[in-house]
Structures are given as structure tokens and as C-alpha cells.
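Here we start with a single chain on its own, the form predicted on its own, put down as C-alpha cells.
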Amino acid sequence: MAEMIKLFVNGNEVEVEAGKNLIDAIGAVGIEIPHLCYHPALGADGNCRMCLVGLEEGGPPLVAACKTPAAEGMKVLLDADHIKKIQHDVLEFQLINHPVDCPVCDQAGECSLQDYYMTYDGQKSRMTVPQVTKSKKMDFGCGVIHDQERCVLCGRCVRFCRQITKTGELGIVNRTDTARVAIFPGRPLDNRYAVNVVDLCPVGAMTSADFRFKQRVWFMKKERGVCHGCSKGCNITIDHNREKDQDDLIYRFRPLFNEQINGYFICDEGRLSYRDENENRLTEARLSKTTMSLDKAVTAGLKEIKRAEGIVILISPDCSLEQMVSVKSLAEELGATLSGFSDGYIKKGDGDDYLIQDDKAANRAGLAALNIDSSQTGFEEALAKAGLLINFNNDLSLFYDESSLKKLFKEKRVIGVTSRNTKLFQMANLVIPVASFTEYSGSIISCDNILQTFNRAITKNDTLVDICEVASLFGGPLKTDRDRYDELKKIVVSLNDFDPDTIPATGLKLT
């Protein structure tokens, strides 16, 4: 447990963690020290001077909070008149050439400069000379658009490319009014985490080409989620909005801080995977080419199951633990062979030593935890003897080409239970639409053996059932969330001491 110390802020005693700088230590107890250039993942730079605070005794009268460690008995002044004047002067300096284009700026509503102006300044400009103009709408590459006039030269983006990705594409060139962030000639951003500079930017200088002018941030709802783009399980914020009489749509994924998993960042591929939640979704059940209601589709599926001579059930490694245990129980009830074969989800050599993994499956560790066989041989041998394949959202086309799939499915009946309208599931005899991961609650185990829970973020106008319910309708014995979790605890013994609502939001390291 971290050592705690006591200090005074504006005369009030607070207990904070030793070893942290004043911004982080005091911020942890709910007292904000304004800052622009400092970021916990990038360290202190000390160039914006917005975080200057007073010390009553035992040190210099003014210190930069980002570079000053909290010390026992320290007396910190935040609301003194001379501190307020410093904050006002720094903001006035930043706004000398800053365009007042908040109504058209994508950052409006989540802009630190905008918030600080309203909190610490709120004065009219005293400038009577024309503002310095710089380049606008500069394509920095990797979907990052830069506006040099809005930049406050905090240097966060520069430090990110040097310290985190170690690619160094950005730099600050020139001095005084002509200083600006720029790329090197012919060297645009070229790394798989580049769009994180948009999140790091405290103003509207860095914007995402994918998100620009799509939504106002104050219209969107924000929900916690877990990225399903690979086995790392990065924590994300899901920003979504339902326009009048329209469906609820996701407009972006953003990184959500989790110290033991992804820190402050996510990869660009995972960030843009929100598109799959909106596009090419299957919304209607279909028998051959005839659309039908869910009830009729389930009835048709039960008939297929009843007359089948040998059944293989295939489960996706992206499914939640609850879905996996539901399907596992269904397979046992039907006497079917259950397989988690999903070698196609692994892209060898694609990962790195930071966040990106070779394994693009969100919950492969869940297959192992539930003792579900994932071998190619086991799947193919079982299917060769079976007359029916029930595929729960497993994208076999990642491993087999179209001709191999046709050969694999020859003389087989195929039931597809899926969230996506892909060519693979268009080959199925019966298709049943189900919710995608942002539309149900569940839990997954990351490649680092960390169990995480996530809740439904999106509610569609036409709500789709999830795989757990389809497994139950097909004859699975697990009918409720309690049934599923109790069954999970029988198999994954490290869950015995926990209920879903007692699992930490940051995840539970399994033993």
C-alpha cells in the first residue's frame, strides 16, 4: 500500500499519496490544479506555467505543481490573489493569437483551454493588433488533422511520438509567435497509435479525420467498455448518440485509463473498430432467402436440431464467458461436439511489445478456462461425421477461403447465429441475428489473465437477443444470469469468492 502523507491546501488538511507530484496527489482527492502541458503518461514538461502554485513556507514562493513532489506538512496556496493573477495572465497569453472559433471547433465541450477560460479568466481580449495566422487543416497522416492556429504548444503530441511510440514524427519548430508543431518534410505520422495525439491535445489543434464534424460532444452519451479488437482487452469509452427517430449509433471509441491493462492509450485499429458495431449488421432472421421473425427462426432451428444426425457447435473466441458457458451447456444437453476452433483470428507477427497482440480474439483465454477444445483437427474430424453445424458468431472465413468453406459445408446443414451479415453466414441455411458486444453485458479474460466485466452500452430501436438467450431457446439449461454465473464458478474456481458486482472495474487478475 502506498505511503500517505498530510499537507495543507488553502489551509485545509488533506491526505495524499507520497511520491506523486502536486497535480496528481491533490487531484486524487478532488482538487484540480489547472495544467496544459503535463500528462501522467508523459511526465512533466513545465512549459505552460498554468500549474504554478504558491508555497507558504519551506520552499520557493512559486513552484510548478507538475515538477514539485508532495511533501509532508507542505502548505499549498491555490486561491490566493497572486496565484489567480498568474492563471489569468497565462490564459491571456495563450489566447493572444488563439482563434475564437469554438462554435466550429470539434473540441468544443471537451477543451481544457475553453474550460479554464470560463473558470479562471473570463475577460475580454485587450489585443488591438491582428492575430498571427498559421496553417490550418494540415493532414499529418494516420487520420490526424492539425490546426496550427489553435495549438498552445503544450508539446504533448511531440512527447508521445518520442516517448511512447518512439517514432519521433512530430516536433516544435521556430520560436515565439512563429513556433508551431510540424512534421518533418515528407515524414507524416506513421505509427499504429497515432490518433492518441488527438486525445492528448488539450485544445482543438489535433482532430480526428474520422470523427470531425460528426457529432457535438455534449449530445453524446459515454459508457465504459472493453475493446474486442484483440486479446489485450483495452478499456475504452464508447461515445454514442440516438438522433430523433433514428437508431442509436456509436461515433467513436476513446481510451479509458486502466493502469494494469492499457494505461492511457489504445491502438488506432481498436479505436476504429467501432465501425463494425454500426455497419453491415444482421438485423433479420433468414431461412434460405426468406426473412422471418425470431420465433419462427427458433422453431426452424429446433426442427433442424431434432432431425440432425450428429451436431457440431462452434463458438467464437470473441464471445463472453457467459455466452461460452451457455453454449457449452447447450452442447452437453444435445450431446453435440463443442469446438472453439479459431486459428484464423491469430495474425502471426502483427503484434508489438506494447498493446497490439497477434491474437485478434477478445476471449480466447475464456475458451481455455472453460476447457473448450480449439484444435483444427478436432473441429474438422467432428464436422466430417456430423450433419448439422451451429455456428455461434465464429468467423471461419478468417481461416478458410470460399472454396474450402463450400467443401467443408458440403452436405451439411448450417445454422448461423451472428451479429454480422457476412459472406460466411450468407452460406448458412438458417441465420439468426444477435446483439454485438456493445449491446449486451458480460465478461472476458485477457491475454494477461485479467477478468473484466462490461455492461451494455447501446440499446437499438429493435433490440436483438444475445447468444445466451439463443442457446436457451435451443434447449440450453441455463436460463438466467445467475444460472450462468453459478455454472462459471463450478468450472473457473478462482471466481468462487466473487460475484459479478464485486469484480473491480479495473479487472481481476486470475490465479
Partner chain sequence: MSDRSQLISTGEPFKFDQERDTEFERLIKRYPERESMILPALWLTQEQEGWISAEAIAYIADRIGTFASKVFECATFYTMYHLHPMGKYHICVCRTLSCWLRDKQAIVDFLKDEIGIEPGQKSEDGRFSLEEVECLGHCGTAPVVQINGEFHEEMDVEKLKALLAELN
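Positions refer to the first chain, counted from 1. Bear in mind that the values here come from a model prediction, so they are computed numbers and not experimental data.
Unshown form predicted in complex with the partner chain; subsequent notes refer to it.
Distance criterion of 4.5 Å from any heavy atom to the partner chain in the predicted bound form singles out Arg162 from the list Arg286, His98, Arg420, Arg162.
Distance criterion of 4.5 Å from any heavy atom to the partner chain in the predicted bound form singles out Asn174 from the list Ser403, Asn174, Thr377, Gln246. Put simply, Pro103 is far from the partner chain in the predicted bound form: not one heavy atom of it is within 4.5 Å. Taking non-hydrogen atoms only, Lys166 approaches the partner chain to within 4.5 angstroms in the predicted bound form.
For the chain shown alone, Val414 is not a contact residue for the partner chain in the predicted bound form, no non-hydrogen atom being within 4.5 angstroms.
At the 4.5 Å threshold, heavy atoms of Arg180 reach the partner chain in the predicted bound form. Considering the partner chain in the predicted bound form, the lone stretch of 180-188, 310-318, 255-263, 379-387 in range is 180-188 [heavy atom distance within 4.5 Å]. Residue Val158 is the sole member of 145-159 found to place a heavy atom within 4.5 Å of the partner chain in the predicted bound form.
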